[in-house]
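We've got the same protein chain twice here, in two forms, each standing alone as structure tokens: structure 1 and structure 2.
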Structure 1
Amino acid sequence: MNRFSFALRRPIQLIPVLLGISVITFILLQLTPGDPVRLMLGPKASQEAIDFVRARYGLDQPVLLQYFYYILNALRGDFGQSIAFRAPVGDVIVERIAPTTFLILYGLLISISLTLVLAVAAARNRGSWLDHIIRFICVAGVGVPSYFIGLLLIMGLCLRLKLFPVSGYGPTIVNNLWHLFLPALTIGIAVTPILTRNLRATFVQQMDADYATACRSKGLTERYIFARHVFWNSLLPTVNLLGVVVAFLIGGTVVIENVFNIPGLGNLLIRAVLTRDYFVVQAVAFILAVGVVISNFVVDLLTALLDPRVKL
């Protein structure tokens, strides 16, 4: 398939995926126990007041009709009214989308940097004590939950050494780089072992390939062979894995934002679930799903750019 036509057709093919996600989210919310109107009005609210609020937010309509109106309004950019915040859902999300986006990109940058350093060091020193230490750290790191890493960083670097703030999100980029370093580092540490193991194994495989042996027979140095050939030929499998990792990063922000009290979409999602704020939960889940879909689309394009032999 022509790459230009793929870039045009792929987003259209992703529409059924997003529609399916909206259906699943809507059904799960309907099955969730609890009444958002009673939570909002309190246990002493009269039945007349409850019925009035239900009618105002359209919660008295049949489930299929509620979903139909939800999709119709979402296509026009209207995600409904937040029950807990008593404001348009779009306005509530716009206020919190920047911290989440910054945190995901920050964590991705840290994880990629750590992965390149550790994978190159392990592969170039294959079989040495450094390689064994890095591989042991990667194996151990896969089984450690991200929230536990975050709590350890808070206890060590914030409460004891007082090197970083425990929480917060500032108005400037420099301030955000400072306040969000530990949350981003937590996300980066959580996904780095997966990427490092994959990239190190690919480096080793490419270093033993026939073309690398041919380069050595010509008298080329190991440094030149690795930098000129092995490194670039090893990126493709890790880039493909990166699409899955980005999805993990997006999901991980829900936990990390609550650990570090960051006012982002993850923090908003947990609060909306606890208050049964259906419209907010649906909108946030949909936006996070869009982020995952877009990241996979970008990974597909990067795969095609790195290897022209790949047919899309």
Structure 2
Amino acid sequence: MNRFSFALRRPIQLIPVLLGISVITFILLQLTPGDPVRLMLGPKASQEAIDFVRARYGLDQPVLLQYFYYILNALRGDFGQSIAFRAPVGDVIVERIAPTTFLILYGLLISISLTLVLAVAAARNRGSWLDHIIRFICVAGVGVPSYFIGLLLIMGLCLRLKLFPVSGYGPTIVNNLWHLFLPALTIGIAVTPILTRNLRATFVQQMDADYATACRSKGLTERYIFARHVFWNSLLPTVNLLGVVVAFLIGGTVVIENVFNIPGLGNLLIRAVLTRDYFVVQAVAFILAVGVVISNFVVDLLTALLDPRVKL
């Protein structure tokens, strides 16, 4: 059997998880205090209007049917009406997906680059002061809140040195590489400690493996062994970790978009929570969870590409 055939089978296995996500987001809205429809239409809405919207979203039906309508509407991209924006939730969300996606991919790129540099430097100089410093940075780095890193960067690089814009989102990709550099750097820095620790540990483990010793006994230089064998053999565990890291990055953007005022999903989520725009909260949580599912799927594909032993 073709080992890539799972690329087709895997999405089917994801359906239960997607259903689970929909159940949780549905329950969240059920638990909100007060009547969401009344909130959505405002205090002055007539009873007829309320009944009409209830019927449209199936909210006058038993709970199980309500869930069924929720799924049907969600599949059509209809997540209800935003109270704060006075527009369909779907429309509000669609235009905010791009900035968030861009920021996450950009942050991922930055954190991967940082991780490669730090982990290689630490592993190649095992036990030296450099290794200890990098280790300390990784231990300490976990506890530095990303919004504080963001504020420090804003203070130093935007307000003092005026190197970068303080906030906002540009119209073109090239423009955004510059506009979103600091936010991406901030969320990138936040996940780098986890990746670096993991990659350094694998490097060290592989450098002590039998095949590396065999290479050494053949008289190959340490540099050659590392660049040719150890490095490539060590990537897999860290690639597997990327799924978790993307979930972390998504959480990070929620905070960082608010620090740098980027018009993305995270910014929208916080505003929606503060204005009790429950349909928006529900939809954003749903979309971001689907994002994690998709990224895990991509990571699985990547693992299969890199490792011929993997059969899923």
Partner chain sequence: MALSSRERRLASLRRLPPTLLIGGALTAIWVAFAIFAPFLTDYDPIKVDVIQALKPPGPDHWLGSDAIGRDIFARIVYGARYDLAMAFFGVVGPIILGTAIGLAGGYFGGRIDSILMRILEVTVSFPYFVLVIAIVAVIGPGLKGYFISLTLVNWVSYTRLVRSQVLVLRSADFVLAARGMGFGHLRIMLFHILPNAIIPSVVFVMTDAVLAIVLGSSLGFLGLGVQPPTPEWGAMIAEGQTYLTSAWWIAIFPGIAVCSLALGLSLVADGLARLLNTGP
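Please read all numbers here as calculations on a predicted model, not as lab measurements. Basically, rigid core = biggest C-alpha set you can superpose within 1.5 Å across the two forms. Each residue is numbered by where it sits in the sequence of structure 1, with counting from 1.
Legend: structure 2 corresponds to the form predicted in complex with its partner chain, while structure 1 does not. Annotation: Cα of Asn258 displaced by less than 2 Å between the two structures, core superposition.
Once both forms are fitted on their rigid core, the CA atom of Gln66 lies 2 Å or more apart between the two structures. Relative to the superposed rigid core, the position of the CA of Phe286 differs between the two structures by less than 2 Å.
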